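Quick setup: one chain, the form predicted alone, written in structure tokens, and binding and motion questions come after.
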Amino acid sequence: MKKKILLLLCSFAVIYLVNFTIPRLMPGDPFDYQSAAAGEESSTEMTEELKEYLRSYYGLDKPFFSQLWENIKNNLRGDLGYSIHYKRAVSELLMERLPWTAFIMLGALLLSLVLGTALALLGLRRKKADGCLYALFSLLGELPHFLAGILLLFLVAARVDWIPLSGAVTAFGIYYSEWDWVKDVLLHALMPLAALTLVTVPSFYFTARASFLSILEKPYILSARAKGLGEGRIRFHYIFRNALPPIVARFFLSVGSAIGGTMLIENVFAYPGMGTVMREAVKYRDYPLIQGVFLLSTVLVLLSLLAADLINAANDRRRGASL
């Protein structure tokens, strides 16, 4: 486990360096984009003197390694910098947008976990259903996240009046109770959640299916049936409970792809999460904001990978003790 933690720390260091370097290799200058309050380009063009002053203010006139060292020191103090485009602290922006992204991502992962596991259990009882589900999820597993969002947007949301096409809440909506606000939020999250779940559920199905099939080959399953135990009890107490650790590990392993998928789907539905902020940051070459979004995403992914490794290690120890 120490080697895995060291590997994760090395991975973080490499990703951190790449995250700092790549935005600065992008064509264009952040100060060529003078943004107005509405997020669009202003007609006022900056003078070269003002651009030089702003480069000095943001520390972009320093050599590369000086910028890197200053960035590391600021990050260690919890300072992610100041957004060039939004004129606000990056940490404040991320804390505003992170709950929306986390809601879609965690909601879709939990739905995928439940649906994938339940359908895999169903396949144990009905072989024809298992064959159909296997073929269906083999196709859905190859579907890109943004394409799933676009298909649902045009084929479902655009054809049904009561499903919102974009946003997280109704603009200028009037709510007479907190429950009205919750219903509105859930309604706006319906399509993003469905799009991400549609693409995520196949991985949970295949993991659960493989885990269930491996458990079926264990001697204690044959022994339980020889004792005359009911299929329901065998399926829950012997198959499901013993097959659960790999499925839970899959939950944490799916965080990385779910973060990227959520950001893409947020842009399809104009959902106010980190994905829309990232799009604006790239559009306006907002280096501090790009680095902040990627840094937060990297930390979440690496922590989820560490959690998955811990679960798998605990499962291996449990299996070793039972042999």
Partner chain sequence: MRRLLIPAALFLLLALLFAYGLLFYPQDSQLPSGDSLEAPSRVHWLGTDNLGIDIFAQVSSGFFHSLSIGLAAAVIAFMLGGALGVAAGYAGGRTDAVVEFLINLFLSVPQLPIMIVIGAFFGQSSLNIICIIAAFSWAPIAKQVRARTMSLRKTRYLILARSYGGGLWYLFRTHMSRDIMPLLLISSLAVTGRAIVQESSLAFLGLSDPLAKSWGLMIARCTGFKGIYFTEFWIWWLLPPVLALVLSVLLLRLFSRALENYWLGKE
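Bear in mind that the values here come from a model prediction, so they are computed numbers and not experimental data. Residue numbers count along the first chain shown, from 1.
The following text describes the form predicted together with its partner chain, which does not appear among the structures shown.
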| query | finding |
| --- | --- |
| Heavy atom of Leu305 within 4.5 Å of its partner chain in the model of the complex | yes |
| In the model of the complex, Gly260 touching its partner chain (heavy atom, 4.5 Å) | yes |
| In the model of the complex, Gln67 touching its partner chain (heavy atom, 4.5 Å) | no |
| is_contact(Ile215, its partner chain) in the model of the complex, heavy atom dist at most 4.5 Å | no |
| Three-residue site Leu139, Leu147 and Asn267 fully in contact with its partner chain in the model of the complex at 4.5 Å by heavy atom | yes |
| Proximity to its partner chain in the model of the complex, single hit among Arg159, Lys128, Lys227, Arg77 (heavy atom within 4.5 Å) | Arg159 |
| Candidate stretches 186-194, 149-157, 67-75, 110-118, one within 4.5 Å of its partner chain in the model of the complex by heavy atom | 149-157 |
| Residues within stretch 284-298 having a non-hydrogen atom within 4.5 Å of its partner chain in the model of the complex | Arg285, Tyr287, Ile290, Phe294, Ser297, Thr298 |
